[in-house]
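First structure 1, then structure 2: two forms of the same chain, each alone, as structure tokens.
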Structure 1
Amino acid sequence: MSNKTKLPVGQEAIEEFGWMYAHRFLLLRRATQFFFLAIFLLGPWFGIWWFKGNLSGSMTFNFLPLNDPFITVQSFAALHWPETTALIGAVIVGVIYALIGGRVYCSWVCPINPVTDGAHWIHEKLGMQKGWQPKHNTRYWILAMVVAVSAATGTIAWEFVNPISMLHRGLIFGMGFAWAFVVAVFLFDIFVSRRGWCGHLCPVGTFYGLLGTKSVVRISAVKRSECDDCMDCFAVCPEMHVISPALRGKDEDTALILSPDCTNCGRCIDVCAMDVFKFTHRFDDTPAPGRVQRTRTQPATGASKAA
């Protein structure tokens, strides 16, 4: 680690590029998250019915059906074969996320993401311990459990408790006490488990992650030789284990972040003062030499702009 590890996350990038540029993907994500909520509020608030429904299923311009493929899978498990409209909608959504990265849903669309990001911010401010960190395969167990319960009860099981649809549908159609589920996730992430819900448990994210296993859009640590070990990308990444293989890879290892857990949120690009990361595609084979071996206390000379 370098002597800059103790600086606030993203501090050098802010000094280097300015606050806006060092938060550009965060701001973009907040904008798209707001967008995918606001378009459904145009109808009830302003009487503009271009977009109807919610994230579970929607109809755009009375023409384009979009449906949650995870809900469709649960419906199959519950032995209901949906009508063609829903199947088309699910295939469209499935193909899109399979191409752009399954967990793009998590970081760019899901309304729970700002909630857990907020929880993480508070978690850091309070200087909390990371708390319970479930094993990496826990999320797959939970995904299997949800499909099994769907089959056993003959219902779309996760929709009885899913905080994502509770929040999104609640804001559009009326909430009731569904906010309690959202608050529970918020408090869970602060006090029980750092990045616990989105990063370890949520079966929706797990499903979309599997969907995007071979996604085309990927982030690459293409200039990893420039890395000055400030650790900001690890600090800001909601799935920090995805970075190491790419960033710390040797010359012959790919610089692409290929883990399906990566949400393509772009925060690593935001906070990196050395401009190591960039969005690219999975077939990008730009040569990315690994870093020169160096000691812990001595950053590579000339590699750090802030030096």
Structure 2
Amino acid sequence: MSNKTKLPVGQEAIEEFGWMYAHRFLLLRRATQFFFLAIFLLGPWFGIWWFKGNLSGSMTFNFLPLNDPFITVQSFAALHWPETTALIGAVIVGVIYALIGGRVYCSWVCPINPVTDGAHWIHEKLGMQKGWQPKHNTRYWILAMVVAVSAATGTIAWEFVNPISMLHRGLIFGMGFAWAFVVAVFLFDIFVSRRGWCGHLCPVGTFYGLLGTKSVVRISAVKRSECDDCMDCFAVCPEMHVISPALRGKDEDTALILSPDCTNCGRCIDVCAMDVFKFTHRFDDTPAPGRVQRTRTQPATGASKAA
């Protein structure tokens, strides 16, 4: 394997394009996450009530309802018929995420994402093993359990322990018990399971993944023939299993990342010095030749990046 793989993850892209360009989607994500959190704090902090509510349900400029469709599903399970405005808001949000990719919510909107990304950074700096990794279908069992508990108790069950809502409440009302849930997620991802919360357990992300199964916005390994096996894309991807089918496919295989687990975070685009990946749409039929096999002398080095 080439000496490039001995560089820190993303370093080759930084040297090729510059630091800002090699972090452009990460920076955009942090900006959007801060924006969506800040707009709901304008009212409680500054008395500017343009946006009333939070990510679970809100009224924008007193006329546009926006509601989490996962909340609505739990409401139906609990046999509570939502108000018309709540239903309209859920449909609006549901259609948007069905088109752009359900788990875009996880990487571009959810305020817990910076918390888990920070935990992952610490996990890597400490050189820790990936720890307990629940089976892939665990997330679906948790989602089903949340809906079942809502049906059994007649409540919106997840909101009692939802760290997203807890973080919002903590920022408004100050430090308190609500922060315990956020800290628990942070510590879980550091010491128990690498990327465990968002990648394996969170029912909100699982729901949005199902919602965006046929979404239009996709990432494509359109220049996969240029891949030099540096493994940086695997190292930064929160759902690294989604990359292989697109990157390592044959000529007749699509270069599109079609798995609903993909969060469309764009980090694979950021760190690729070979410019293999790009944002596109699911109907993009641009030919993408299969990878050219290259001779490597140190295959274990790159593999360690994705470990």
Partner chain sequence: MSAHIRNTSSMDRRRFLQDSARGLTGCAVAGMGLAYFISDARALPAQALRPPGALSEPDFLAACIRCGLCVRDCPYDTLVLAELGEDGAATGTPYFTARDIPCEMCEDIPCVAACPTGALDKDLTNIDDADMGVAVLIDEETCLNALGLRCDVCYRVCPVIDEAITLERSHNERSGHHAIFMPTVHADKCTGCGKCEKSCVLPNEAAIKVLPRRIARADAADHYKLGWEDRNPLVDDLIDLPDRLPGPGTDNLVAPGGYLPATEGIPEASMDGGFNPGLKLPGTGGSN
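Computed from a predicted structure; not experimentally measured. For residue numbers, the reference is structure 1: its sequence is counted from 1. So that the term is clear: the rigid core is the largest set of C-alpha atoms that superpose within 1.5 Å between two forms.
Note to self: Which number belongs to the form predicted together with its partner chain, 1 or 2?
What the structure shows: Only structure 1 matches the form predicted together with its partner chain.
Next item on the list: With both forms fitted on the core, give yes or no for whether the Cα of residue 44 moves by 2 angstroms or more between the two structures.
Entry: Residue 44: C-alpha displaced by 2 Å or more between the two structures.
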